[in-house]
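What follows is one chain in structure tokens, specifically the form predicted on its own.
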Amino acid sequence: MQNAHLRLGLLEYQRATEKISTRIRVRVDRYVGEDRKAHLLSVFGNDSDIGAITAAVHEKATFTLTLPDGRSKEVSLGENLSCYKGSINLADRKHPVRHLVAASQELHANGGVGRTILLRYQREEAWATLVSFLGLPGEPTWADHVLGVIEDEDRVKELDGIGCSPVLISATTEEILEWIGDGLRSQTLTFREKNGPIAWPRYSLGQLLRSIPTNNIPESTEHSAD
């Protein structure tokens, strides 16, 4: 495991009034963002710092985010976001560490308007997520065909991430249904021989949060729909 300064980001909030100047810095263990838009923000710190960051998030404040590679950018979660707070008890600390997770409105409606955000990209997981979020008819063995088309169409975009390797898949329900239809007509895809429930792979939370290299996205595929 890398040292903390190599895998954690830094979130800074500054606010100045005529009488008071506030500057708060907290560590970031998970982040998903697209340009200046933050979709997921997971930070931890003491009670007063997390309380101030929570208030600032609800006020749609702009933060300075420093990524582990040293790059800095201004980010905001926008309107209608959601916040979740908790505490982490550590054996060598008298007071618990406070933890805040904030999610943008778009992340809450993930999959809507043809935009699906994933914490990492692997074909099997991506296909299971698309089927679930978009309500698609499908089965696990169709992952390579559909994701092959999506990759060929350059519909997978890497996003900024801390503690994960997020991507954005741009594809609507209608488009994917058309690609499935093409696969069935060309017999690249086939229906199951027997009726019955379909067993989808199951993943633990730890497996889903585990980061994988961003270069897992292939530059091209050997898609064979024709």
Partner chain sequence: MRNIARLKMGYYPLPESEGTKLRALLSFSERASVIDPCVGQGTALHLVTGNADVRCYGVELDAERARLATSRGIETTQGNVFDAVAKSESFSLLYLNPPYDSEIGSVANNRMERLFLDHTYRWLVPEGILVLIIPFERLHECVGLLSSHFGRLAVLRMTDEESVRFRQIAVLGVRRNVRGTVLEDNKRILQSISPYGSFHALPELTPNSCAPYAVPPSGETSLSYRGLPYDVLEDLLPQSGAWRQTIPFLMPREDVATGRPITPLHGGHVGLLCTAGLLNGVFGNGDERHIARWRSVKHVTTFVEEDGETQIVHHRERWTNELRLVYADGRTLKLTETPAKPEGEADAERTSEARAA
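Since the model is a prediction, treat every value here as computed from it, not as a measurement. Numbering follows the first chain given and starts at 1.
Unshown form predicted in complex with its partner chain; subsequent notes refer to it.
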(Q) I'd like to know if T66 sits close to its partner chain in the predicted complex, meaning any non-hydrogen atom pair within 4.5 angstroms. (A) yes
| Taking heavy atoms and a 4.5 Å cut-off, does G78 contact its partner chain in the predicted complex? | no
Check your understanding: So, in the predicted complex, is K19 in contact with its partner chain at a 4.5 angstroms heavy atom limit?
Key -> no
Exercise for the section: Evaluate K94 for contact with its partner chain in the predicted complex, applying a 4.5 angstroms cut-off between non-hydrogen atoms, and reply yes or no. Expected result: no
Interface check vs its partner chain in the predicted complex: of V149, V156, A143, L119, the one with a heavy atom inside 4.5 Å is L119
Those residues of 135 to 149 with a non-hydrogen atom no more than 4.5 Å from its partner chain in the predicted complex are G135, L136, P137, G138, E139, W142
